[in-house]
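Next up is one chain by itself, shown in structure tokens, the form predicted on its own.
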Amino acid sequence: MPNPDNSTPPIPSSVLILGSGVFGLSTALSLSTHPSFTHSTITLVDRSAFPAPDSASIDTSRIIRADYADPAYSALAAKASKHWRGEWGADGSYDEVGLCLVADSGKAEYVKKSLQNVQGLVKSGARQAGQGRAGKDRVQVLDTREEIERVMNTGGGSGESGYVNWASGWADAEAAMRYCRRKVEELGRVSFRKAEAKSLLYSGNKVIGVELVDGGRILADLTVVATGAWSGKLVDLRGIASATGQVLAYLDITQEEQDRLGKIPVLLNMSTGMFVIPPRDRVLKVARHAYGYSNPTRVPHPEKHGESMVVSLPRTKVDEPDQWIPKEGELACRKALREMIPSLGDRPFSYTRICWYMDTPTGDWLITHHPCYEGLFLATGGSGHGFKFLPVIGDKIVDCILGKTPEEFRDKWSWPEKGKEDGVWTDDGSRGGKKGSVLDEEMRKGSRL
């Protein structure tokens, strides 16, 4: 029978991990060092050579914050932040410039809860000395737009109120993933293979491995599906998790602008989802954390031979090299840029991309044994906020594999009651944009202004 959460499962003699993103690679790292898996073989399969160019975890930058409305994620992120300040952020790949978290009038519930949580972390000593950059008080409340603009020092801002946490910042996402990969390789426990999974292999109610697109097979006692926004192609997750596309836009700046803007705080408006991250190497990014776009795609049903189903799946620059974000998304990025950094407001975007999340209704992750199939474990549903946990999430995933899900996450990460249809939109209070947008429909309205 499938293994229920928090019972003690047998240790698999072989583990197959599908996906080399944050959840997959960190799981490989933690399995490699966990004494329970000393005699287990570990294989990691990804359809792309590392680093995958269209992976959500491969980018110029990702926000590192303990600023969450949910205290469980806030506390775990605070633990991860300690690692970012140490070996994971070495060589300048982590920059603790602060995070200015703001909201528009009447839409500040998430920010208020987040402020309470980070203030609680300061009181409990989560950050030694309770100070951030240059000895500043770690958390400063910003009651007006003028105070927000004063902290940003860009001539602009966003929102009507909020706070700045000087103990948050951002990381070079690709550099951090490369570091994680090197750590895994140095341990010599994981066999890496470039191949695309076609479907899981079943023997009755047990998953015994994966069939590859090239016709090959890889067998394993335990298969971990950590394929991010592509997970819905391998497991029926309709009503549980779904891929959504998010807009990112980049612009080139001068060295003078780099020197002036390189140490501003990250600015994130939780009412609109719009944010800007300080530039590096004369490239600045503006993006939106939103409900996103769905991309309905008909695929073979992964569990019912001969049937098909419609799920949202990514469509990236790997599929369409000339892909540009929809007009609606570009206009939103342009408006945010003009508001947040007016001097760059009309600078042309040099590059855009659609970053694909695997969203769940609540924004909680899906880290659990499958309730119906023995030998199948899910580590997906990152909902656009998994990267910052890279140094610590692998250990938590292995705990869940062993039936030791942390108490504070037991209900959050477990298999939920299944919905009837695909089309998941995350309602955790952190998303902007319009709910229900479909990529093809938005593309038909125009792209590349």
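Computed from a predicted model, the values in this text were never measured in an experiment. Don't overthink the numbering: it's just position in the shown sequence, from 1.
Another form, the form predicted in complex with a small molecule, is not on view; read the next lines as being about it.
Just one of S40, T33, S48, T60 has a heavy atom within 4.5 angstroms of the small molecule in the predicted complex, so which one? Going through each option in turn, the one that passes is S48.
Heavy atom within 4.5 Å of the small molecule in the predicted complex - residue from L251, A176, L248, V311: The residue in contact is L248.
In the predicted complex, which of 201-209, 348-356, 184-192, 98-106 comes within 4.5 Å of the small molecule (heavy atoms)? Correct option: 348-356.
Is the small molecule in the predicted complex close enough to F23, E196 and H385 that every residue in that trio has a heavy atom within 4.5 angstroms of it? Every residue of the candidate spot has a heavy atom within 4.5 Å of the small molecule in the predicted complex.
So in the predicted complex, does A52 come within 4.5 Å of the small molecule, heavy atom to heavy atom? Contact check for A52: yes, within 4.5 Å of the small molecule in the predicted complex.
Please check if S242 has a heavy atom lying within 4.5 Å of any heavy atom of the small molecule in the predicted complex. S242 lies outside the contact set for the small molecule.
Looking in the predicted complex, any heavy atom of L234 within 4.5 Å of the small molecule? Contact with the small molecule, yes.
Is G228 close enough to touch the small molecule in the predicted complex, meaning at least one heavy atom pair within 4.5 Å? Heavy-atom contact with the small molecule at 4.5 Å: present for G228.
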